[in-house]
Every structure is written in structure tokens, then in C-alpha cells.
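Same protein, same chain, two forms; see structure 1 and structure 2 below, as C-alpha cells.
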Structure 1
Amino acid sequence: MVSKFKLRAKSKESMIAYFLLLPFIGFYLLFTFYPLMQGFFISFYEWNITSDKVFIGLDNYKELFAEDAFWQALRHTFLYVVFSTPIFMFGAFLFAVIIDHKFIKGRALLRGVFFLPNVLAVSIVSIVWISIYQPYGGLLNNVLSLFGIEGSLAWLNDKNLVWPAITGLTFWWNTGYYMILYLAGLQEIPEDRYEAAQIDGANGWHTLRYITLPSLKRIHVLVLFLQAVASFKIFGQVFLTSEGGPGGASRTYIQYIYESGFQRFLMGKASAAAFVLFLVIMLVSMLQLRLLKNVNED
């Protein structure tokens, strides 16, 4: 009788839980799953919004893969993901370790200072950094001139400098968020581990290598994939500062989708490109789940 009572109570709790989840499932299906499926179906049509849809099968995908601009945008985005993600991770970890140190004064203020750029809109960030990157009178060139580096570098108009400039902008904008994640992880490490290591004669490098870094495995994986997915979707700061230039040198994958859909009105082709990006991000997310599983098993 007791087990039947517990079974009924458990079943009732499950029904209440499913009932409470219904609104969220409804919003997810309406605003996420339905647009996703609509985009997938549109990728098989030729459609410019004002005309009727014409079914063309896989022609959008064939045209996509045959276009140099598609591969150029994909290559730019992929290289940005590969090179910028370790930089952001290292910077966030370094700032977190420094600010978490007990001998640093004003730690609460520094956390706010580092995190503040993250709450700014992309338009504000872009305006600020366009001013900093100005070839004549820009803050960065003025600072470099103090060290004897002259030449009025055109950071946003030089194909060799535009990506370092965008990476620097994004680093300033986003690193504070990941720094907070690392700080949360650092504060979960038991203090007695460091005390035991000091008793055994461990120096700062040893505690960093054998205690701090291994204890932050989950944070490393989380930050790695949050930043990787965010880098695949980079658009706003690039479009507002360099507009993909010079000569398409900084055109990103999202900008390619935007130009296909809202400038050339090739909605089917833009949908096909968006679905390819969806598959790439899904593969990255599956890899994240696999890594997290391995970390949890260690």
C-alpha cells in the first residue's frame, strides 16, 4: 500500500512538472523550432520575398558551395574562431587569477571595471573603437607613437590589421563575462588544498599547474564552447566598424547570410547558408557535450 501511495504521489508530481513546462515548450516550438523548420524548407526554394516560391531542390546548396564569397566568409569566420578563442580564454583566466589574489586591493571595483564593457550595446562599443582606431588622432596610434611606432596605422582599412583590430575590440567587450565565470570557479576551490601544497613546499607555478588548472576543467570547457559558438556568429562589431572590408577581407559568415538575404533578396540561398551554419554549431555543441562527459567521468 505504501509503495502504491508513493507511486501515485510521484506520478502526480510528474504531471504537475509537465503542466508547468507546457508554456515554455509552447514558446520554444513557436519561436525557435517553427522558424528553424521554415528556414530549412525555404532553403529548397527560389524566393525574393515579393515573388511566389519556386521549388528548386538542392540548387541553393549547389550554388552556395560553388561561390567563392561563401568559402571566403567561412574561412574568415573559422580562422577567427581558431585564433581568437584561446586568446579570450587565456585573458579571462589571467584576469580572474590576478583579481582573485588576496593582495590585490579594490578587487570588487576591478571586477566591475572588467565586466562593465560586456553590458554595452554593440553599437556603442563599435563607435568607441572606431574612434580609438582612427589613423589620425586615434588613441591607439597616439599611444604607439610614444614608443616610437609612427605611421598612422589604418587599423580598420588594412587587410593585415583589420582582424587583430576586431579581435582586440571583442576581447575588451567580452572577456569580462568569461572572467566572472573563472572567478566563480576559483572561489569553489577549497583553500586547504593550497595550504597543504604550501606545507609541501609548492611554489606559485606548482599550485597553478597542479591545483588551479585541473580544478577548473569544467570552466575551461564551458568558456571554450561559449566563446567558440559566439565567434561563429560574429557580425555586429565587424559590420559596424569595417563593413567586411577592406575588399571583403573581414567579411564574416553571418554578414554573407545578411547580404544574401537582405541586400540581394536571395532568401532561399540565405536560408541554405544559415542551415549550414546551424549544422556547424550543432557539431560543435555535440563535441562540447562529449568533452563535458569526459570531464565529469575523470
Structure 2
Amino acid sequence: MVSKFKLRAKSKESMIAYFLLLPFIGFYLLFTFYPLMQGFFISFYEWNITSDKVFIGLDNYKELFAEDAFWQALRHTFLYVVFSTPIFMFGAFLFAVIIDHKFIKGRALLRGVFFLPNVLAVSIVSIVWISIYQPYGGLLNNVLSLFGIEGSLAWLNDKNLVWPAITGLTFWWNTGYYMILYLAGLQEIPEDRYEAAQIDGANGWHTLRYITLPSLKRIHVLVLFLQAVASFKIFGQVFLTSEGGPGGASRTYIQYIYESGFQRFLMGKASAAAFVLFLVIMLVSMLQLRLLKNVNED
């Protein structure tokens, strides 16, 4: 009798659980899980939306890996991740350390302004920075000329300048977010560690090197991976400012997917490229979980 009652209570709990879960699971399966699987299947077909699907096995992947434009887009994106990530990390850390000092006047305002660009849509950011990067009359070249650097540099139209320009724009746009993470980390460092260091006669550099930096290990890992994954998915600010130019010099990986799928209508090939993106991001995320686990166990 007792077990039967328990069983009924349990099955009732299960029913209610599924009732509450249903909307989430429904939307999740339909708009995340199914598209992921579907994309994987489409990547084995030749298909341009209007034609019939033709199964071609791994040909899309072979074609992808044989194409210069694919490697070019991948290389751009990869180099951007490698070069911009340390810059963003350093910037965010520097901002956080500066405004964490109690003697800084108006800390809340500074924090707000450093974070503010984050809330602006990529389209607004792009319109503003296109104007800043104008060769003639743009803000940046104007400011540079105050320091005697003339030459009307075409920031977005020069293949050597376009990536520094995009890195600068993105630095302005996103650093504040990671700064907040660092600030949260800084506030968790126990005050007595600093006091102990002071008694031992440590100077500012020593405390930074031997207390602040090592105490933030968790945040370093977190920022590193958040930024690396975000950088790998870079698209909007490039597409809207340089449009991938000049001559494909700033074409990103997502732009390659977009062009293959929505301009050339190579659905299979674009899906193959998207699946490669998924694999890369999955590997990076798993590495992150691994590292975070190690840090937490320290």
C-alpha cells in the first residue's frame, strides 16, 4: 500500500515536472537542437534551396578545405582572436585595477562610461566609427594630425590598417564588459592579503605581481575564453564598416558562411562551414571548462 501511494505521488510529481518543462524543452528542441542536427545533415548534400537535394557525402567538406576563400576567412578570424584577445584582456584588467582604487574620484561614473559602449547596437557603433575612421575630416586622422601625423589614412580601406581599426572599434565597444568581471574578481580578494604584503614591505608592483594577478586566475580564464569565443564569431562590426574589404582583406568566418548560404545559395557548403564553426567553439568551450575546473581545485 505504502509503496503504491509513493509511486503515485512520484508519477504525479513527474507529470507536473514535465508540464513545467514542456515550453522550455519544446522551444529548445525546435530552435536549437533540431537546427543543429539539420545543419549537420544538410552539410552532406548539394542543395541551392530551389533544386532537389543530392547526397554527396563529404564533398562539401572537401570543397571547403580546397577553397582559398575559406582558409582566408578562417585565417583572418584566427589571427584576430590571437592578436586581439591579449589586448582586450590587458585593457579590461588595467581599467579594473585603476578604478578599483578608492582614491579615484567618481568611480561609479567612470565604471559607467567604460561600460556604456556595450549597450549600443552594432549598427550604431559602426555608423559612428565609420565616421571616426574617415580618411578626410574623420576624428582619428584629425587627432593624429594634432600630433604631426599627416597622411589622411584610409583606415577601413587599407588592407594593413583595417584589422587594427576593427580591433580598436571592438576594444571600445566590449572592454567594459570584461572590466566588470575583473572588478568583481578584485573585490573578492581578501583585504588581509594586501595588509600582510604591506607589512612585509611590498611595493605597488610587488602586490600587483604576487597578489592581484595570481588571485584573479579564475577571472583570467573566464575572460580569455569568453573573449576568444566572441572574437571567433566576429561579424557585425566588420560587415557594417569595411564590408569584408578591401578585396576580402577583412572577410570573417561568419561572413564566409553568410555569403555561401545567403548570396551564393550553397546551403550544403555553408552548413559544412557552420558545422566546423560549431566544432571549434565546442572544443574551445570544453577546454575552458577543463581549465576552470583545475583552477577551482587549486
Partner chain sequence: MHRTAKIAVNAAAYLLFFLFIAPVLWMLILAMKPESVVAQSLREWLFSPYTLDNFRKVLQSTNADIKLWLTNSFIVSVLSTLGVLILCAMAAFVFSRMKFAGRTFWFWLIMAGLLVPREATLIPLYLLFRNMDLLNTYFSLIAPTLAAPFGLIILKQFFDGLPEELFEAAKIDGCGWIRTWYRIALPLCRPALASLGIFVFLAAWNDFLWPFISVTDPKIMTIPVGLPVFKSQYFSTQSLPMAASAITSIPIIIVFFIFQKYIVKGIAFTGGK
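All figures in this text were calculated on a predicted structure; none of them were measured in a lab. The term rigid core refers to the most C-alpha atoms you can superpose between the two forms while keeping them within 1.5 Å. Sequence positions of structure 1, starting at 1, serve as the residue numbers.
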Subject >> Panel number for the form predicted on its own >> reply: 1
Subject >> Per-residue C-alpha change between the two structures, L29, threshold 2 Å, rigid core fit >> reply: yes
Original post:
Core overlaid, M15 C-alpha shift between the two structures, how many Å?
Top reply: 9.3
